[in-house]
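Just the one chain here, laid out as structure tokens, in the form predicted on its own.
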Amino acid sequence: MLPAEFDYAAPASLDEALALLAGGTNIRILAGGQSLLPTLKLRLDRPDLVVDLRKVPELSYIREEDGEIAIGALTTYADLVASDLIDSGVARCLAEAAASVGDLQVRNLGTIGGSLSHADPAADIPAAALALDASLVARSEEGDRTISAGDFFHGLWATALKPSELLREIRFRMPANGGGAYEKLRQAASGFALVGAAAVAEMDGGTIEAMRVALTGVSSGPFRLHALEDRLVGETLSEELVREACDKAGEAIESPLSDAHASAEYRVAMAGVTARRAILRAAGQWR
């Protein structure tokens, strides 16, 4: 099927892109196109205007600033995987999530900002953003607005972004004593997560100082396992402790997804297994 007709613009600067967004509401942003183009072809989305950001070079970067990692929204999955800065410490959950996306062609085109803004319920990157407790910087003609990852996702394909905003940057802390990991059970054909778990652990020797765990693929959007995190913080790391805490992880899933690929019961059962694997690898880096 061919897309419905729409106008197209390819701005050469961020300011030009923001001016276009300020001029209407039924506008879609094209970053890597790996999520938007299929929805256009299936006519699930019929925008009046598509704004292509691929000629806006200032939105692609990975750098360290004031003890944080800053990532431009047009940074590709492949760039994340290749970055030594991302493939270390707590950021490793993001590198592993990016490495698990689709195939090589998708990773060379798809972007971190596109994934977060699209908010597919089975996407990998949103879970990593939640586990990293990332700050997402949205930009409009009025300036920047910082949104915590916990407040960004509003359910199925919905986010806190306003029609006049685009996601400009993703930022998160890099504590010296932290580790990260991402685990997923993938749907064989698409590579999307049937269940995905991102974990970030901050350790003091064998003691868990902080723990953040997020799930994707199991509900209408990604979410943190706060009760599980609270159970682990302050405790001495052990496989028995983590297994006991993760046994009840599935209870936190509201309205679990059920489809041709996996039943709700399967997703609930595998949530704890996937979370346990991610936690043990994240924390095990610092044992």
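Note that residue numbering follows the sequence shown and begins at 1. What you see is a predicted model, and the numbers here were worked out from it, not measured in a lab.
Only in words, not in the display: the form predicted together with a small molecule, which the text now covers.
Using a 4.5 Å heavy atom cutoff, none of Ala198, Pro256 and Thr274 lies near the small molecule in the predicted bound form. Of the heavy atoms in Gly179, none are within 4.5 Å of the small molecule in the predicted bound form. Although the partner is absent here, Ser100 sits close enough that one of its heavy atoms falls within 4.5 Å of the small molecule in the predicted bound form. Residue contact check for Ala134: none of its heavy atoms lie within 4.5 Å of the small molecule in the predicted bound form.
Residue contact check for Ser35: one or more of its heavy atoms lie within 4.5 Å of the small molecule in the predicted bound form. Contact annotation: the small molecule lies within 4.5 Å of heavy atoms from the stretch 119 to 127 in the predicted bound form, the single such stretch among 88 to 96, 140 to 148, 205 to 213, 119 to 127. Only one of Met174, Ala82, Leu161, Leu185 lies close to the small molecule in the predicted bound form, with a heavy atom inside 4.5 Å, and it is Leu161. Of the residues given (Arg224, Arg28, Arg231, His261), Arg28 alone sits with a heavy atom within 4.5 Å of the small molecule in the predicted bound form.
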